[in-house]
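Below you will find one chain, with nothing else, as structure tokens; this is the form predicted alone, and questions on how it binds or moves follow later.
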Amino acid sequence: MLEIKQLSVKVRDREILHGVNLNIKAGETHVLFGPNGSGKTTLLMTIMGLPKYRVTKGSIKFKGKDIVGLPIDERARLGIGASLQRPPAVRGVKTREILTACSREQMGRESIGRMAEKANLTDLMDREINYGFSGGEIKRSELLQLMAQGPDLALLDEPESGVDLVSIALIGQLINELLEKEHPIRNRRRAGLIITHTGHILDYVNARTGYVLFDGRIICEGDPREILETIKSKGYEECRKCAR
């Protein structure tokens, strides 16, 4: 599904990522840990194709196609979708309208209503996107847009940040539905890459592989829960020592 080889990325004149390697197969969910400023969001935004993230070395292949140089809209049409950590409010556009625009299959009002009910956002469908929304409502709105899009690869940037425990549980349910967790892995067609700073999302969403990104390099790969326990007990410096 996703194959990243020796990826180096600059933002303006500063290199943020240095030789990153990462592979995700269809049906798998992977998790990316790392301290603030380590390059986690840079990696997701580079995969998505935001212009300020410039690839200086390496490749990003999605379903066998090298997507470096493709604009965001083409990547979205190929089947990549992203949920941002801090999405903006959009004045003048209703939440219902963005869901219709995101949908690969032109969903009617009834289908959108059923999706909104799952996300507990029924009362916000005719409100402007994210305007005046709480943290949990913004996160659920982002996931609702991804569910409408139905991407083959979902990139989720800290889906649990800034939300309460009740919202995290619901967000976990939505992510599990988005990533087809109700099916055996061999029958899933979607994959996910989740950035998490706290690891709370792992209480609700199972992941196959975890990585630690530190100073723009992946320094650890393994069982996500083991990595998280190490980080909790000994900090990221322990991962760095291990990498040495």
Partner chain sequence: MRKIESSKSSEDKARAALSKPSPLGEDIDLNNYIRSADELPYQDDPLQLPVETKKQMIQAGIILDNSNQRSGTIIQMDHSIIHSLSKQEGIEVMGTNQALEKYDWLSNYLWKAVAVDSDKYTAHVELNQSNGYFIRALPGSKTLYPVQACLYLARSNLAQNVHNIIIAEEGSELHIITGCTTAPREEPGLHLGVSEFYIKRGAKISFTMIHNWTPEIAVRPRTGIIVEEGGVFLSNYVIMKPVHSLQMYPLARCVGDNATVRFNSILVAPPGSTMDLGSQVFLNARGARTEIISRAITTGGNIVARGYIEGNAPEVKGHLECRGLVLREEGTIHAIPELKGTLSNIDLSHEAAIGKIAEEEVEYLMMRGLARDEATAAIVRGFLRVDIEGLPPQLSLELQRAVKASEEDFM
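Because the structure is predicted, anything quoted here is derived from the model rather than measured. Numbering follows the first chain given and starts at 1.
Not pictured, yet referred to below: the form predicted in complex with the partner chain.
Visitor: Any chance all of 135, 168 and 170 sit within 4.5 Å of the partner chain in the predicted bound form, going by non-hydrogen atoms?
Guide: No.
Visitor: May I ask you to check whether residue 156 falls inside a 4.5 Å heavy atom distance of the partner chain in the predicted bound form?
Guide: No.
Visitor: Is residue 129 part of the interface with the partner chain in the predicted bound form - any heavy atom within 4.5 Å?
Guide: Although the partner chain is absent here, residue 129 would touch it in the predicted bound form, with heavy atoms inside 4.5 Å.
Visitor: Can you work out whether residue 94 and the partner chain are in contact in the predicted bound form, taking contact to mean some heavy atom pair no more than 4.5 Å apart?
Guide: So residue 94 counts as contacting the partner chain.
Visitor: Are any of the heavy atoms in residue 149 no more than 4.5 Å from a heavy atom of the partner chain in the predicted bound form?
Guide: So residue 149 counts as contacting the partner chain.
Visitor: From the candidate stretches 115-123, 141-149, 156-164, 170-178, select the single one in contact with the partner chain in the predicted bound form, where contact means a heavy atom within 4.5 Å.
Guide: Stretch with heavy atoms near the partner: 141-149.
Visitor: Exactly one of 219, 50, 68, 185 has a non-hydrogen atom within 4.5 Å of the partner chain in the predicted bound form; which residue is it?
Guide: None of the other options qualify; the answer is 50.
Visitor: Counting only non-hydrogen atoms and a 4.5 Å cut-off, give the residues of 84-99 close to the partner chain in the predicted bound form.
Guide: Contacting residues: 84, 86, 87, 88, 89, 90, 91, 92, 93, 94, 97, 98.
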